[in-house]
Every structure is written in C-alpha cells, then in structure tokens.
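Just the one chain here, the form predicted alone, laid out as structure tokens.
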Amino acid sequence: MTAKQISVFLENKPGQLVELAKTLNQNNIDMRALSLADTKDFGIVRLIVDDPYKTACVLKEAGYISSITPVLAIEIPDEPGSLMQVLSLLGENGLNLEYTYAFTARKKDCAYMILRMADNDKAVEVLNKNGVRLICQSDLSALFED
C-alpha cells in the first residue's frame, strides 16, 4: 500500500529545476507533488508523478541521477488537528517519520500527505488499524480526474 516517489539529485545552481521541469513537460509527465530540499552544493527534488516507471526511464536517458522510493500517501480531513492526530499516532507507536510533504487534489474537504517512514509496513498496519486512508499508486490517478 505504497506510492512511488522519484528523488532527483540536482546541482544547486540557477536553472536546474526549470530544466528538470522542461524534461518532464517534453515527455508529458504530470507531477502530482513536489518537494525540494537543498544544501549549498546540491538539491534533492522529490516527486510524485502519474507514471513513475516512465519518469525513471526519461530521467535516466536525460542524464539525471534519480531513485525510486516507496512512500506512504494518506488522505486526512482538511481541518485543524488532522495532521497532529496522525503524527501523534505514529509517535505513540514508536514509528520514525523521516520527512513529509503535502499535495493537493480536486477532492473537497480532504488534505493529502506523503510520509517517508523508517518502517512502512508497521506504519501501514498502525494507520489502517486507526482508520487513516492510505492511497496506493493506482489510487493517485483517480484523485486527479475531473
């Protein structure tokens, strides 16, 4: 019950992110979510896309260094305290959250988060047991349909 995240390593200099975006655009790859973390010399762009396999192939052909990482995608109520409840649940069960970022979809009253966990299997078990809706890779497409 995971989604596939593409991590792309970019040199930290002007124009690198736009070149990545152009490569994705030229290959008709639709980004669902994006997160960027940087250091002085390089950045890591984390992407959720419509077709992870195609994206990985396109990036390799274009000379990018990238990897695919299994992450959890969850749907929570779009109201104050929802994220805090999920994070508390994970912490109470001894689960380490490595990083997180949000994405949007057309569904009203819902918020969406990507969670990179140290132990995906245990996190899935805890989240399922507590009624948190997990979204697998194939479910992501349905979130963006009109």
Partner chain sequence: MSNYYQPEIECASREQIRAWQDERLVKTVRRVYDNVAYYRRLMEEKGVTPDDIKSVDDLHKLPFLTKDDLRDAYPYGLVAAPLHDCVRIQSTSGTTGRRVVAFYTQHDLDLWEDCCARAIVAAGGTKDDVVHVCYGYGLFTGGPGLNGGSHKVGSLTLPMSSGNTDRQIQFMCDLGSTILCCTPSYAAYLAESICERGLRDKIKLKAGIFGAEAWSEEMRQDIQNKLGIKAYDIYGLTEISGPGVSFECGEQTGMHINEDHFIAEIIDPATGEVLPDGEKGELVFTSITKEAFPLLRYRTRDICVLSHEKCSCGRTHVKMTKPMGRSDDMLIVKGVNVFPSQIETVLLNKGYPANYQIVVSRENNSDKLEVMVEMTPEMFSDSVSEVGAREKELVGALKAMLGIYAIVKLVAPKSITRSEGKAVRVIDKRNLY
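Treat the numbers as computed from the prediction; the structure is a model and nothing was measured. Numbering follows the first chain given and starts at 1.
Keep in mind that the form predicted together with the partner chain is missing from the display, and what follows is about it.
S.K.: Report yes if any heavy atom of D41 sits within 4.5 Å of a heavy atom of the partner chain in the predicted bound form; otherwise report no.
M.R.: Contact check for D41: yes, within 4.5 Å of the partner chain in the predicted bound form.
S.K.: Look up in the predicted bound form whether R32 has a non-hydrogen atom within 4.5 angstroms of the partner chain, and give yes or no.
M.R.: No, R32 is distant from the partner.
S.K.: How about V8 - does it come within 4.5 Å of the partner chain in the predicted bound form, if we only consider non-hydrogen atoms?
M.R.: Within the cut-off, so yes.
S.K.: Even though the partner chain is not shown here, does G63 get within 4.5 Å of it in the predicted bound form, heavy atoms only?
M.R.: Output for G63 is yes: heavy atoms within 4.5 Å of the partner chain.
S.K.: When the partner chain is placed as it is in the predicted bound form, which of 85-93, 22-30, 104-112, 44-52 ends up with heavy atoms within 4.5 Å of it?
M.R.: Contact-bearing stretch, as computed: 44-52.
S.K.: Need the contact residues for 99-137: heavy atom within 4.5 Å of the partner chain in the predicted bound form, sequence order, or none if there are none.
M.R.: Counting only heavy atoms within 4.5 Å of the partner chain in the predicted bound form, the contacting residues of 99-137 are Y99, R116.
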